[in-house]
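Presented as structure tokens, the chain that follows is alone, the form predicted alone.
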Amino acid sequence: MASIKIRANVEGNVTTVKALISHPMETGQRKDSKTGQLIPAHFIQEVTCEHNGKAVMTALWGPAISKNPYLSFKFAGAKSGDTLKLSWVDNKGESDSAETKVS
């Protein structure tokens, strides 16, 4: 199952990217209500976005980011039909990526 829903729209020279990432984002400080044991930390550490293969955004995240994070940012220089790729890597080495066309 894809963990990223992404949309990119260009208006003039500015492209707005909106993404919703499905991820548990556990801090490692919360206890399981049934067992009382700490739930191991599991959070996204890095999010990158590439426009036609060139990095336009890198975010370094930590355990303080909420579950299923929403991300929105803007950048200049994209045209309708260009390819945008959003990727993430978490502290357990898991990763995912998704591509979309700028509209």
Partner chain sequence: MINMKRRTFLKGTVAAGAVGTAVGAGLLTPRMVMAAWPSAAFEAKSVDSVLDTLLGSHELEGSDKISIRAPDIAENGAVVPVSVTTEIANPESISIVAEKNATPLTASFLLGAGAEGFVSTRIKMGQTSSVIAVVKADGKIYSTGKEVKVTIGGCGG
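Positions refer to the first chain, counted from 1. Nothing here was measured: the structure is a model prediction, and the numbers come from that model.
Although it is not shown, the form predicted in complex with its partner chain is what the next lines describe.
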property	result
Partner contact for residue 52 in the model of the complex: its partner chain, 4.5 angstroms, heavy atom	no
Partner proximity in the model of the complex: residue 62 to its partner chain, non-hydrogen atom cutoff 4.5 Å	yes
Close approach of residue 89 to its partner chain in the model of the complex, 4.5 Å, heavy atom	yes
Close approach of residue 12 to its partner chain in the model of the complex, 4.5 Å, heavy atom	no
Contact set, 10-32 vs its partner chain in the model of the complex - heavy atom within 4.5 angstroms	14, 20, 25, 27, 29, 30, 31
